[in-house]
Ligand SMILES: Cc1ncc(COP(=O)(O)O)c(C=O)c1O
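Before any questions on binding or motion, here is one chain by itself as structure tokens, the form predicted alone.
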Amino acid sequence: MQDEGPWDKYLDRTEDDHRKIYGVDMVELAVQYGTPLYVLFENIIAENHAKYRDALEKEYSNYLICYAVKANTNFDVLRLLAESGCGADVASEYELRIALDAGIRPEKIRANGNCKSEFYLEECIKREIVINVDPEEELEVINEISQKLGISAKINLRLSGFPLEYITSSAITTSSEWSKFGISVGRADRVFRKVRDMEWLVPNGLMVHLGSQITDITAYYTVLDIMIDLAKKGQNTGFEIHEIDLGGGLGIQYFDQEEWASIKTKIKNTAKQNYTWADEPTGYKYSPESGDLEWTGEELYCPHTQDGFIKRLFNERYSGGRTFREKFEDIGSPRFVIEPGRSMVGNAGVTIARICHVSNTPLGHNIVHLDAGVNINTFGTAVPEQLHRIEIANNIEIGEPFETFVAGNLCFTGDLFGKIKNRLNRRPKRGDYILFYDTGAYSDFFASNANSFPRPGKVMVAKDGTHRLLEKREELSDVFAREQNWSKKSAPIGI
């Protein structure tokens, strides 16, 4: 399905012309577990982690990989990574709990979040977990809690306000001048001195997280240059730098380069081709300088693999004709921490849904209606330009290509699996199964019971081709479990 991606070598078809992945019939999975259904592939997750680990062992051995738990919060995923020696980036006390239960050691955990509860901070301090301070005002809170506990807190400063623009969709940019996260790089010197005067804080390093689906490596160069300069200033003021935490953000390849370029061109010319919903130039912004539309959204082609990214990051000569390996040596070769999420699990998952209807909008555009909504596919709403490669999972023979909008089953018009037309391998029909590729990250991030639909089940295909249920599909009693004056016995229908 992708150039140099994981899918091609694992794709096959059954005698009934169903899509097989890792030897498993996707239609049989859909029938057995119900739709919609999330499917993860253990081997791909392990391969992604190994690419990071093996490249870092070779390029810069003083490292720590912390899986961003938010990308796919599942106990089996965390346990798999823990057994491989991976750490965890957590963003709440709840993510912290499941990471610890999965066997991830406290020294390999980094605590993030821009509104950490006192309980969360206390648990981190007690376990000597490094806290990425965010925002600046959190310094006083941590210092007070540490004093109360009589335990010093080990901290990194999470920085933002970097000169970055249009490195990804604005909804998932987290380090630029418009960001709700972090401490402004312009205040770093003052914050170094502030920390020095706080008795219960132990300086550990600096942290940044650029955002998600970053495909241009020069953004990392820009940020790391500034971070290294600030590290030198911090060291001069007594703020010790034991690590530089680059966060996560590396993108994955949803489409190959040629196909993604073609899609962007069609979006730009949508008024002529009716390629986006309501003919909106989704992902584009008018540029007064050029007098034309400029792409400012998420890039769905990424030229970097995990190992290739690490190799380039440490070995390419950038500012001053020096590599970052050399620049890290200038500040004492601190630990290099990364917090990958999407690039660990994004291309390790698919989503299966069932087609209810194939119809047309009032203007005559093709539209496919699924038994799933954007409540189980986060980026359909959060990032309008997000688009996944899709195919019909049963009767997968190639027919006449079918361009269509894909809509969910929720009661609002914005319930679209992307505001961009998608391309199927043939005209679908009621009862067909649709397969969305590369949905291992963030698909269930905003999962909800909109219209009282149950949240989907989640299945893992193991390395040996067997499969097991990770999370059960909700039942009626689960959907209304919080209701105080309702019980399944009083339900008028049986579901």
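Position 1 is the first residue in the sequence shown; the rest follow in order. Quick caveat, the model's predicted, so the values are computed rather than measured.
Another form, the form predicted together with the ligand, is not on view; read the next lines as being about it.
Asks: Since exactly one of T351, Q306, S160, N112 fits, which has a heavy atom within 4.5 Å of the ligand in the predicted bound form?
Replies: Answer to the contact question: N112.
Asks: Of K51, R455, K70, K458, which residue is found within 4.5 angstroms of the ligand in the predicted bound form when only non-hydrogen atoms are counted?
Replies: After the contact test, the surviving option is K70.
Asks: Select, from the options 101-109, 354-362, 341-349, 290-298, the stretch whose residues sit within 4.5 angstroms of the ligand in the predicted bound form by heavy atom distance.
Replies: Selected stretch: 341-349.
Asks: Answer with yes or no whether E385 is in contact with the ligand in the predicted bound form, where contact means some heavy atom within 4.5 Å.
Replies: Result no; E385 lies far from the ligand in the predicted bound form.
Asks: Under a 4.5 Å heavy atom criterion, is G248 part of the interface with the ligand in the predicted bound form?
Replies: Heavy-atom contact with the ligand at 4.5 Å: present for G248.
Asks: Give a yes/no on whether Y442 approaches the ligand to within 4.5 Å in the predicted bound form, heavy atoms considered.
Replies: Y442: contacts the ligand in the predicted bound form.
Asks: Would you check, heavy atoms only and a 4.5 Å threshold, whether Q213 touches the ligand in the predicted bound form?
Replies: Yes.
Asks: Heavy atoms within 4.5 Å of the ligand in the predicted bound form is the criterion; list the residues of 194-208 that meet it.
Replies: Result: M207 alone.
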